[in-house]
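Subsequent text provides structure tokens for two forms of one protein chain, presented individually as structure 1 and structure 2.
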Structure 1
Amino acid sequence: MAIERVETTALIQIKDLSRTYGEGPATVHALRGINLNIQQGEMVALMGPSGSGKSTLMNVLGLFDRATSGSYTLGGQDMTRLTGRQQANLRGRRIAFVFQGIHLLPRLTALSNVELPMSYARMSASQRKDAALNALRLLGVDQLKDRYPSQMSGGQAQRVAIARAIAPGPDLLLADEPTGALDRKSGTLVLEAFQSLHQETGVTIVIVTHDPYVAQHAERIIALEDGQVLSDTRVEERLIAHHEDEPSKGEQS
């Protein structure tokens, strides 16, 4: 059964947002006057084919790129008015990222991988460990805390990567094709992890995907085409991911 949520304050407000590259006849209009709001606590799928503008929009949301025109407000603060350094500082504190590539450091255990980004923040060693263990527990992989990436399955490693992203307590989690490199079984485990995380923490999640199956696990689907919002719909028959955990590499026969 889908989780009922009450929409309150919009975490993200985008008005007339455009992004162009190049000049003259070579100008590329990656985003064309986009308008949308994403509420605090929503789980949204940003969907579209290659070239639709979804990756550009994610880069703007994640403060890796600036809009050419229009406004982007995050938590009531206009991102277009911030300097590059201010954006970088805010990105580190409030926004987390999960990518298609897992990017765990092979010589560190799961626990150490999750702790690592927090070592750059003003947190004590005990605070980092507690936050990392809690994140691993939320993602259902705390039993893997002493294992190295080579000892994990693809789905397990991706869930550790998600734990690493959410351990510092961000307001916004951006996931770019998080199941794209996984088989369907492992991908389902990751989608289950996103839904459990969303239910238990209320973090706002935006998943960028081209896969309708992945998008159906969100509460809302925003479809882009040619740099514009093609449709923005609530998911009436939301898929709830559920799968028994897969064995780690060391447990497979």
Structure 2
Amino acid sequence: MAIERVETTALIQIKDLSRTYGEGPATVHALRGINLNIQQGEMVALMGPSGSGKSTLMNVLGLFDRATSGSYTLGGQDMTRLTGRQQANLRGRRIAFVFQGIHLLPRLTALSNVELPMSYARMSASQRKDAALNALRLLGVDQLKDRYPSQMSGGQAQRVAIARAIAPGPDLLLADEPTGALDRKSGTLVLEAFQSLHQETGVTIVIVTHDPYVAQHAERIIALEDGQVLSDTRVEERLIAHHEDEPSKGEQS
């Protein structure tokens, strides 16, 4: 992995990335030549109306989908040539997800839910439990560890879901409309949780949203339209200082 990391330290490098569905005249161009670099430790919002290609880009970033052409490297590693099994090995460990709905497994406790990606990673029971409790504490929901999802509020459940994503120590946290199912107040709490998580651990976060309010919580907003990057802007100076202070942080695996 380190051998290929000569050009830059960008965590994510995307070059001329295209994704089409179908063939001939019915071809749908979901992504038309995206070029994008995301640095280690950035907190980015990926914005755009539905049909803009943001979900497709998120699926490609999360190894849920493959690009038709172009390149995608994560931490210097080419992601376009991975086998299904290699993809699965990265998912949940180096790339973690927080989804729109409350995607906790209903018949597992908070703690078991948070341990799940680490048990798929074949980590030992004690390591799993330690990491899970740490993550729950980090999100301020460790007192909920023995509760089932049905015994939590929406905001609590989403914070448990973020704890689950963060527990294995991923390089990249992808969040797809993470506040979509929440009211504004709980949504704000969840967004603040993302921000403090970002400050404390320096994990790279990409939030996909159509909501400008949500996007305002990121450092950088990349707007997509019709499968292309429309704009790429920095939000404020207040958080940027953070990752420049610690340029080499991250890369925990």
Partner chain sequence: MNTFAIAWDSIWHHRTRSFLTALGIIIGVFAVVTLTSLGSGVQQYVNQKFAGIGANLITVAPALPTSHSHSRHRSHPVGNGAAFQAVPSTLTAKDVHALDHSGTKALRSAAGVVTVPMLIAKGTTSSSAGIMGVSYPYYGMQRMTAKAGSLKGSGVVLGSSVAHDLFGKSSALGQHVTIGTKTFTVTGVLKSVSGAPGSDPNNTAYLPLSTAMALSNQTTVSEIILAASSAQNVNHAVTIANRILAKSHPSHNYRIITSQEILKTVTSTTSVITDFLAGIAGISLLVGGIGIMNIMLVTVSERFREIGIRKALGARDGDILVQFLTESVLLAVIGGAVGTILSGLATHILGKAVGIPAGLTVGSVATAVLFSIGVGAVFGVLPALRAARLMPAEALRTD
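Note that the rigid core is defined as the largest set of C-alphas that superpose within 1.5 Å between two forms. Bear in mind that the values here come from a model prediction, so they are computed numbers and not experimental data. Start at 1 and count along the sequence of structure 1; that gives the residue numbers used here.
J.: Two forms of the same chain here; which is the form predicted together with its partner chain?
T.: Only structure 2 fits here, because that chain is the form predicted together with its partner chain.
J.: Determine whether the C-alpha of residue 133 shifts by 2 Å or more between the two structures once the rigid core is superposed.
T.: Result for residue 133: no, shift under 2 Å.
J.: After superposing on the rigid core, how many Å does the CA of residue 108 move between the two structures?
T.: In the core superposition between the two structures, the C-alpha of residue 108 moves 2.4 Å.
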